[in-house]
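Okay, so here's just one chain, in structure tokens, the form predicted on its own.
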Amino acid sequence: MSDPTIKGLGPAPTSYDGSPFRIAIVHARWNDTVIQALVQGCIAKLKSIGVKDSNIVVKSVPGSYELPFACQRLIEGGKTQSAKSASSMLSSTTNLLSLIDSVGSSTPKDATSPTQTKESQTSAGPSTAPFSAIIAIGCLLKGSTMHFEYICDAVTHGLMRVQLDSGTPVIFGVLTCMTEDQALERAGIGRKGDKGHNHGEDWALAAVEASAQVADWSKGQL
């Protein structure tokens, strides 16, 4: 039976290709049954819209409270990794003087055969580009104390601050549920008649859409 309410993510105005993007997923391990379903749904959807498996990085932290800090450090780590990779590629570039020295010989001593070039291209490893977006996944359940309210508020504001400070989209994938059944249904594994919908899929779509838009906006394509 379809849900007659207006809730849910509407279709994007255009289709986005995820192949150029590098996406990180940072998830809490608290309430692991729900978390694992959300993470798997997110990964499956990312792949279905073109994000390469090698460009999906998954990290975990103990709980949702640690998500903002982990996202911040992962974004910075991605930028550092990218800078180191660029520096390494620059230092390994073929020395043009060696090619000049080898003029007149049948094969330049630093030349690479077409076969070798093809092999090196196909054996390229995972991307070391900065992360295009981060998806923060957690699951908070209402208990008998104020702990739930404090964590929800801190995590929400923390993740917003990270994306505004870093300029990298941070997708809010933290469930804040009153009951276990609410959480299970939002992970697509409800134990009642309706299994619900896996919101990890929605967060994947949002990450790719945000990545594409930021890439365009940074080039002045509005």
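Throughout, we count residues from 1 along the sequence that is shown. Given the structure is predicted, the values throughout are model-derived calculations rather than measurements.
The discussion below concerns the form predicted in complex with a small molecule, not included here.
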(message) With the partner left out here, check for me: in the predicted bound form, does some heavy atom of Ala129 sit within 4.5 Å of the small molecule?
(response) no
(request) Would you check, heavy atoms only and a 4.5 Å threshold, whether Cys71 touches the small molecule in the predicted bound form? (result) no
(request) May I ask you to state whether Phe172 is within 4.5 Å of the small molecule in the predicted bound form, using heavy atom distances? (result) no
(message) Is His147 near the small molecule? Define near as a heavy atom within 4.5 Å, in the predicted bound form.
(response) yes
(message) Looking at heavy atoms inside 4.5 Å, which stretch does the small molecule contact in the predicted bound form, given the options 44-52, 164-172, 28-36, 190-198?
(response) 28-36
